[in-house]
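Taking the form predicted alone, here's one chain by itself in structure tokens.
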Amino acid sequence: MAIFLDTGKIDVIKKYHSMGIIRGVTTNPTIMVQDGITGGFEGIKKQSIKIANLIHPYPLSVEVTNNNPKDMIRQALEFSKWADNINVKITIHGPNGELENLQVIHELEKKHNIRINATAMMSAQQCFLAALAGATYVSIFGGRVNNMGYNTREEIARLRQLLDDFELPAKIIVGSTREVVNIIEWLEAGAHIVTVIPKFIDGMIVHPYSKETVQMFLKDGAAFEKVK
């Protein structure tokens, strides 16, 4: 699946979707606030439906806004009605290490048939347990793992091996991208998907030597035009 765009801005999504290079979009409350989405829960709903319709059938991840188990289930059921390509982000545990989230993930996937993106994970072992619970996607925050002094590539490779060995269908998403080089490195390590902010996609496309070469081609092409 390769690249999910990490944004809530419609015009930005249109830009990269029209290039044919993204395979989904991820959001969370922080992204929505940073992107200027207002109107509370209703604002999130309207924007999410717009994005889901724009990128259909590619998936859109929408995150619950609190950690109460009943509320997470209620919100997930509501989100899933907005569009058939929406999946719901649930964190691996609560803010103080509360353990009910895996039960919520399992119930939503197995009882309600809602695709879950288990998120905010920092290790292969967390992702493995989320995959066992039934999560469709398991999201490890690669940049933060590196910040802690560990090698994200090793965690990704370890996790991919576990998923393959135990024949678990969960797809690995790596987020918290810090550098353009992370994207290819993490895909090479075994990630199915890397979430990428717009400026890093630009960094993948534009190379100074490519610019120089294009400029040379155009300059020489103009010389031929003059001869005509």
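For every residue, the number given is its place in the sequence shown, counted from 1. Please read all numbers here as calculations on a predicted model, not as lab measurements.
The form predicted in complex with ligand E4P exists for this protein as well; it is not shown, and the discussion that follows is about that form.
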property	result
In the predicted bound form, the one of Val180, Ile31, Ala189, Leu168 near ligand E4P [non-hydrogen atom within 4.5 angstroms]	Ile31
Single option in Lys89, His106, Arg153, His93 placed near ligand E4P in the predicted bound form, where near means a heavy atom within 4.5 Å	Lys89
Proximity of Thr26 to ligand E4P in the predicted bound form, heavy atoms at 4.5 Å	yes
4.5 Å heavy atom contact, Arg144 and ligand E4P in the predicted bound form	yes
Gly175: touches ligand E4P in the predicted bound form, heavy atom cutoff 4.5 angstroms	yes
Residue contact check: Ser48 to ligand E4P in the predicted bound form, 4.5 Å heavy atom	no
Proximity to ligand E4P in the predicted bound form (heavy atom, within 4.5 Å), stretch among 136-144, 106-114, 154-162, 74-82	136-144
In the predicted bound form: members of 186-204 within 4.5 Å of ligand E4P, any heavy atom	Thr195
